[in-house]
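Heads up, the chain below is alone and in the form predicted alone; it's given as structure tokens.
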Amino acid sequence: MPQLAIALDFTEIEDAEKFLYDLEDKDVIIKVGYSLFVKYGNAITDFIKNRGFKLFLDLKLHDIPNTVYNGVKGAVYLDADYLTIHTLGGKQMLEKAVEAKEGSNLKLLGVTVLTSLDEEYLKFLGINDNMQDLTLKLANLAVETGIDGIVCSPQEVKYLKENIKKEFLAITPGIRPSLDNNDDQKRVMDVRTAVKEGSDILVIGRPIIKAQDPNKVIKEIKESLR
């Protein structure tokens, strides 16, 4: 069954801890990004693990191979379950990342092209591929190198799964319990449709953490996943 990842989009650890204290369902993944991790480090990651949740570090590592190797080792030390890494870092960097997680339960998730970039920027960089072709090329390289999953928009999942021969996890941000929400994200999809398209881990943030009753919303989402 597809899994639910909750984006812990708080800036203060007290707010994050209160939210996690109140969560009844421990069978969810908690995603932590720069805002909390840079400020609080292992104080927030230890809290998540000690509460019994799976830890998703969304740090998008991108550096020379040996530096990324050490970064992945750090994530293993923190007992992270998932860690994001930029596929644009190249094959050697990806190989070192895979090497670093050997013997652990950590799953590496490849980020291809950021949604803030457009075709014009690709041309500026001298890249002749269009966005879809480049995304597929980077995702395929990552999966062949041993990266466990690919972070992609819900609209890309089906295309990538049809064109990459090896199995991989598809992690999709921009998911909403339903499409009745009014927010600033354009490329969104509802839970049921995302599952039909092939999403394996659905990342949902504000519709849960801003809800009056997060536990009720999570229960409803879990029903949709089934």
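Residue positions are given as counts along the sequence shown, with the first one as 1. None of these values were measured; they are calculated from a predicted model.
What follows is about the form predicted in complex with ligand C5P, which we do not show.
State yes or no: in the predicted bound form, is some non-hydrogen atom of Thr115 no more than 4.5 angstroms from a non-hydrogen atom of ligand C5P? Answer yes; at least one heavy atom of Thr115 falls within 4.5 Å of ligand C5P in the predicted bound form.
Even though ligand C5P is not shown here, does Gly205 get within 4.5 Å of it in the predicted bound form, heavy atoms only? Output for Gly205 is yes: heavy atoms within 4.5 Å of ligand C5P.
I'd like to know whether Leu225 contacts ligand C5P in the predicted bound form, with contact meaning heavy atoms within 4.5 angstroms. No, no contact at 4.5 Å.
Using 4.5 Å between non-hydrogen atoms, is Lys54 touching ligand C5P in the predicted bound form? No, Lys54 is distant from the partner.
Candidate stretches 162 to 170, 196 to 204, 42 to 50, 65 to 73 - the one whose heavy atoms come within 4.5 Å of ligand C5P in the predicted bound form: Answer to the contact question: 196 to 204.
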